[in-house]
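Next up is one chain by itself, shown in structure tokens, the form predicted on its own.
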Amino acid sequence: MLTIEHLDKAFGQKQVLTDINLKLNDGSVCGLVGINGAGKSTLLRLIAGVYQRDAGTIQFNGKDTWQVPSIRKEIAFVADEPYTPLGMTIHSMKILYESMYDFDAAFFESMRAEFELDEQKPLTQFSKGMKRRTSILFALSTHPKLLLLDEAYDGLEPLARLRFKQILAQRIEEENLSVLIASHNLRELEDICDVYSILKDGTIAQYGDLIEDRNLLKKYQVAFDHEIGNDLFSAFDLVRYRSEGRVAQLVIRGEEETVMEELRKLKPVLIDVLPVTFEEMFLYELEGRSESHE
């Protein structure tokens, strides 16, 4: 289990992260989302032991990831822009990994061949997508207990993304792998994450079960045979409100059955219900709860 408590990090006078608290269970996949500059990459680097924290604790399986360097062998970190030393090839990188980790050379070789990665070509000559594939395969070949991915799918074409998700799902099931994925592409996270965390203004604004929280948030379009105002819906947990004439577009948090029962009491002539995507959840959280009219 990954446990983060009261984590702070600043660079000079710039406070990047403040009082971060987060837990990630074994075998769980957490989508870490936030706008650019929210601190996602910094948080991953702190967990991986690349940066030293200013305050708070980061523990993986009960061990401090900064004070106990050996625990970092169980953590694999794939950065947004992986560092590729000049002249380094997959072959020379593999020798390095074999000297540092319990490296699964057979798995790596099978995946290298499948993804058609040239073992002798300098990594600096690889495209962004090829560098991404290489970094992910090296990370998975160490059989980590915790995998940290910064913009995991950036540069990967659709077939490579699909294959990567399949491999990841298999590792999660077979090895109880925990995964923390930072990304701005929320649609790519929706089908693999079971929990999510939203970073806003350097702190965790919201954390929860992705499926449960999505099910509690629905879009309702309600039409009436008379003019309406937002005061009509004051009893609801409104996240967003739009109205035009006799039609209201609502985003309401609550059990759908209960919400529908209350809406019917208002005697509308029509009610339509639509699901909310992960991307929409994120946008609603960033905007905050506000009422606006059109």
Partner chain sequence: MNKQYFRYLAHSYRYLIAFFFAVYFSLSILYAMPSDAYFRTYEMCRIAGVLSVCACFVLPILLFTFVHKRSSADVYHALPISRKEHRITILLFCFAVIFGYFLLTCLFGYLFYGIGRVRILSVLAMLGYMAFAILTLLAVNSALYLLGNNILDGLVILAAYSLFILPCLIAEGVITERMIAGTNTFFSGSVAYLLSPFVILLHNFFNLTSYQSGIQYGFRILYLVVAAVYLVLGWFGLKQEFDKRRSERAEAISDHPLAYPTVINMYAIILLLVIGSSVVRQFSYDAILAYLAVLVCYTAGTFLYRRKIEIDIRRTGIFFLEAIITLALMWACWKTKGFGMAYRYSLNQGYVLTYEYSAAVEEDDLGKHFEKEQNVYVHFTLYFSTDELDRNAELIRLLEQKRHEAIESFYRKYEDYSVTLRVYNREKHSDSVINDYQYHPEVLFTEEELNYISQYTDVIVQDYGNYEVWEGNEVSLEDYLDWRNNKH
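Not measured: the values here are computed from a predicted model. Positions refer to the first chain, counted from 1.
We do not show the form predicted together with its partner chain, though everything after this point is about it.
#### Entry: All of D191, A223 and I271 within 4.5 Å of its partner chain in the model of the complex, heavy atom check
The answer is no: none of the three residues contacts the partner (heavy atom, 4.5 Å cut-off).
### Message
Taking its partner chain as it sits in the model of the complex, is P122 near enough to touch it, meaning that at least one heavy atom pair lies within 4.5 angstroms?
### Response
No, P122 sits far enough from its partner chain in the model of the complex that none of its heavy atoms falls within 4.5 Å.
### Task
Would you check, heavy atoms only and a 4.5 Å threshold, whether P69 touches its partner chain in the model of the complex?
Looking in the model of the complex, residue contacts with its partner chain include P69, since a heavy atom lies within 4.5 Å.
### Query
Does M88 reach its partner chain in the model of the complex if we count a contact as any heavy atom within 4.5 Å?
Although its partner chain is absent here, M88 would touch it in the model of the complex, with heavy atoms inside 4.5 Å.
### Message
D26 versus its partner chain, in the model of the complex: is there a non-hydrogen atom within 4.5 Å?
### Response
The answer is no: D26 has no heavy atom within 4.5 Å of its partner chain.
### Candidate from E114, E174, D201, E81 lying within 4.5 Å of its partner chain in the model of the complex - any heavy atom
Here the answer is residue option E81.
### Message
I need to confirm a contact call. Of A48, V259, A38, A248, which residue comes within 4.5 Å of its partner chain in the model of the complex, counting heavy atoms only?
### Response
Of the listed residues, the single hit is A48.
### Candidate stretches 159 to 167, 91 to 99, 211 to 219, 175 to 183, one within 4.5 Å of its partner chain in the model of the complex by heavy atom
Checking each option against the 4.5 Å cut-off leaves 91 to 99.
### Query
What residues in 1 to 27 sit within 4.5 Å of its partner chain in the model of the complex, counting heavy atoms only?
The stretch 1 to 27, when checked against its partner chain in the model of the complex, contributes K9, A10, F11 at the 4.5 Å heavy-atom cut-off.
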